[in-house]
Structures are given as C-alpha cells and as structure tokens.
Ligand SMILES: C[S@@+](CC[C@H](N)C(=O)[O-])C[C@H]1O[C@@H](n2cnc3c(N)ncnc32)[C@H](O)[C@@H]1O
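Quick setup: one chain, the form predicted on its own, written in structure tokens, and binding and motion questions come after.
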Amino acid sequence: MHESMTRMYEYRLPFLRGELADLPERLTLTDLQSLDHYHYCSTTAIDIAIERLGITAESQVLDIGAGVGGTARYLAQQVGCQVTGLELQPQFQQMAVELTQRTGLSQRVTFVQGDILTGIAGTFDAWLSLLVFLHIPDRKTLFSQCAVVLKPGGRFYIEDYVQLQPLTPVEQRVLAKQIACPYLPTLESYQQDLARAGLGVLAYENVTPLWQNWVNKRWHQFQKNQAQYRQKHGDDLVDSYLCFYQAVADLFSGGNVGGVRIWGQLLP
C-alpha cells in the first residue's frame, strides 16, 4: 500500500516546485491555496472541521496524512492552535517544513515523518484526516492508534471515500491501481470499525453529490488549462494529473463510490 501510494503521488512535488518558481520567497496562505490542499473543497473543508471539532487557540491538533502541510498551516493561522502534521512520505514532510518556514508559521506548526500505523508520541485534543484513510486497509490497527493519540473526550473528524453499492471489477482495479485504495468500506462497516476502537460517531454527512461536482470541475478545469501547464511542466506531469483526475471523476460518476464526513469523540 505504501509503495503504490508513493508512486501515485510522485508527480506532485515537481509540479509544486514548478509553480513555486513564480512565487516570492516569503509566502502567504493565499499564494499556496491552489497548490497545497490535496483534499476536496479546499479551505471550506477545513472550516467545517474546525467547527465540528470545536478547535480553539488552546487546542493541540493532529493532522493525519498532512501532505505538504496546507491543512495544518490553515488551522494554525485561522484559529491560532498548535498543530502537528504526521506525514508518511519523507519528501512531502520536508516540503511541508519548507513551506511552513516560508509562511512564518513554524512556531505553531510541526511536521513529523512517520506512519500512523506505528503510532506517534503525544496526545491531542483533536485529530483530523482528509482523504487519507482510503489508502490504509488495516482498519483495526489504524483506528486503535487513532484512539490512543486522543486525550479523554478528544474529538476526531474524517473525510473519506465509502462504498455506496457493490463495486464493478473495473472500479476495484482503478481504486487499487490508480487511487491506491485497496479496500473501500461501506459507511456501516466504517462506523463499526471506529466503534471497535472506542471512537464514537456523533454524526456523519453524505457529501457524494458535492464531491462529484467538485471532482468533475477539477478535471475539466485542468483540461482547459493543460496547454499552459504542458509548456511549463512538460507532457508527462500533465498527463499524470489528467489521468488521475479523470479516474476520480469517473469513479464518482458511476454511483458506487461516494464521500462522507464523519465526526465524533473518544468514548469513555
């Protein structure tokens, strides 16, 4: 799973560095907004997480699967909280550190390279994970570790893929090979796995129509701008993005793959 996920994302850093070449050394979060969020609906998704989690300036927050750090930086700037970003891939963790230094947020945001399946030191008031758990089929270990890192009464927020109807063989293959998603639970099994680890679901929201619209717009917008991207980044990078964006759009249009927001807290 880890190796396939690394291959899937390997084109993102050269693209990001190419875009950064046109930006000043000192960056703002606005400069980065179209570049450093790998989840859907950009900062709107994080605003919802802030509300659901009740994050304040005093909160200690863990971002599981931090990528290049967009979510963590936004949390720190918007709320003033302390954020730790856990990222599996060292090259992404290093980029997250660099971008955080360039935005002047290093005092409030720390990035750790590591695997949630083997744990992370410390406990937190809340954690969130946006479009990361779909890559991790070992749900027992995953949610056990996610429970361990929460303080008593701590809260969690997840955005993830779920299976709405039985998958076709083609969808199973695309999820595994192109999305690095070897296992896709139903919402019911998702909630059961959380409960077994002592993570109680307070509520969930089906965001399938929202995400279907968003991923389609993303794909068509990238297609529209591909000429300038090809000139700047080359055909291989652009083709990788187009292939991935189309695969995601096709999955959501098929009606068997959906999206969900789940939030809750550690059970006593």
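Note that residue numbering follows the sequence shown and begins at 1. Being a predicted model, the structure only gives us computed values, none of them experimental.
Beyond the structure shown, there is the form predicted together with the named molecule, which is absent from this document and is the topic of what follows.
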| property | result |
| --- | --- |
| The named molecule: the contacting residue among Y204, Y38, W211, Y229 in the model of the complex [heavy atom, 4.5 Å] | Y38 |
| Heavy atom contact within 4.5 Å of the named molecule in the model of the complex, the stretch among 235 to 243, 24 to 32, 65 to 73, 50 to 58 | 65 to 73 |
| Distance check, R102 to the named molecule in the model of the complex, heavy atom within 4.5 Å | no |
| Distance check, L130 to the named molecule in the model of the complex, heavy atom within 4.5 Å | yes |
| Close approach of E87 to the named molecule in the model of the complex, 4.5 Å, heavy atom | yes |
| Contact flag, R139 vs the named molecule in the model of the complex, heavy atom cut 4.5 Å | no |
